[in-house]
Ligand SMILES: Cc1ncc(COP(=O)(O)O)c(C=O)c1O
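Here's a solo chain for you in structure tokens, the form predicted on its own.
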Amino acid sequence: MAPRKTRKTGKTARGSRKTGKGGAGSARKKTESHRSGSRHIVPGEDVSIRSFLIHGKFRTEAWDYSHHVVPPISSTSTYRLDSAERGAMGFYDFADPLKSKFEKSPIFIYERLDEPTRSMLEEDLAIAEGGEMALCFSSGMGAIASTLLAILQTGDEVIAHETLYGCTFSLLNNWFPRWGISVKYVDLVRNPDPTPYFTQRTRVVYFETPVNPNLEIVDIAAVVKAVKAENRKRRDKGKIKTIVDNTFASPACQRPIQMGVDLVVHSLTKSISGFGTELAGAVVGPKNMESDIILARKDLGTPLSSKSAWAILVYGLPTLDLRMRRAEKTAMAVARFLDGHPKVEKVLYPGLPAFPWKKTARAQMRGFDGKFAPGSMIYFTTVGYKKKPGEASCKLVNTIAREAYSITLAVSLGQIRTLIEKPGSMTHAVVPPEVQAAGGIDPEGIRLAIGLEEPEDLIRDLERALAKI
């Protein structure tokens, strides 16, 4: 499809260059606004973010689809060029992005480099998270690894919260030492000031909040304050970046960039995709970090496919807020039921009155409407057997797997279906038992990711399973 022509100049809307036959011009996007007819629309001011996530930048510079109500899929791995010179122009940005900084109009050449469907999703994700740019990857771990490797080099150091998703822990613990990158694990929940742990080699402070799987809350503002104070003492190349994994909350419940965080990473597979059909990841952050991360994505081969990007753009992101608000109501009902059950020892859900980090959660977990948004994740522990830790929760989960209708034993979260799993032996199995214990992962711990079912059906399945332990 040929690029749209501007009315005034006849030049391509992506810049001053013209495309050849079947070619497509492309440019890195401004994420703060889009044009609807002759009126300049600013998401969050002229239109709500909720409505924007449905309509998006339908006058996007990424692609002309002015006759489509729903954006079409760009489904080609390579693009036709009309000259070798044009091909050279297109490769210039990716050959030396640190020099070009993608300030001119890149040319669509090859899907791994850039393509329009993914670009449209990136525009909308950036606005949803309050960032200047977003980049999409083939998985959440692809986004995390590519982003960290774009920032770090041999000799650098990462400060990370002591409890992390199992695969993130594996990346930091098993692979980073091979590349000469050290990792220091600290408790950022009980002491959100990492200042005592800073060295001249520290380049990243990395954490999740809510923490996977036990929903501990890291005080984002406190961490950001400490890092900014340290950065005032450092030259630009030595400054520390803050990175938050926002997968559990999603932008519908929390936007760390608006609290001063440098970069947010996501497994788009979860709440943002929402239907359990796409594997994807993303990073959102400032424009000045885009070039480095694009280069890492290109060379590591981790970009998101156009087909997966299209599904998230058309189905996932537009329904995110609606799905999250429904799941929250159900999660509150289920959490209250579990909290009052005699065979449940502890329930952690940000919406419960007795939640240990309630004050911090209420301060930073906010929906697009500004109201408290506790999310859809629950972590609870069963009253276990002293001689065999974890046996009771294992029996509960196995009963659910065999007999429940509305709850599925499966990893992942943020889907329309409610999923249950045992983190200690499943998603966090790579984490040594002593590290799990130090980080608050109990042998009897169960992670419950609430979907869109009726709360009565979930409670019925849980009640029957609890009766058998």
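In this text, residue numbers run from 1 along the sequence as written. As the structure is a computational prediction, the values presented were derived from the model and not from experiment.
Separately, the form predicted together with the ligand exists; it is not shown, and the next lines address it.
Interface stretch in the predicted bound form with the ligand - options 240 to 248, 360 to 368, 314 to 322, 118 to 126, non-hydrogen atom within 4.5 Å: Comparing against the ligand in the predicted bound form, the contact stretch is 240 to 248.
Any non-hydrogen atom of Y79 within 4.5 angstroms of the ligand in the predicted bound form: No, Y79 is distant from the partner.
Close approach of E290 to the ligand in the predicted bound form, 4.5 Å, heavy atom: No, no contact at 4.5 Å.
is_contact(S139, the ligand) in the predicted bound form, heavy atom dist at most 4.5 Å: Yes, S139 lies within 4.5 Å of the ligand in the predicted bound form.
Touches the ligand in the predicted bound form: S267 (any heavy atom, 4.5 Å): S267 belongs to the contact set for the ligand.
Contact residue in the predicted bound form, chosen from C253, I144, I107, L215 - any heavy atom within 4.5 Å of the ligand: Exactly one listed residue reaches within 4.5 Å, namely I144.
Residue among Y379, Y165, W310, F94 with a heavy atom within 4.5 Å of the ligand in the predicted bound form: Selected option: Y165.
Site check E345, L409 and A465: each within 4.5 Å of the ligand in the predicted bound form by heavy atom: No, the whole trio is out of contact, none within 4.5 Å by any heavy atom.
Partner contacts for 195 to 209, taking the ligand in the predicted bound form and a 4.5 Å heavy atom cut-off: Just E208.
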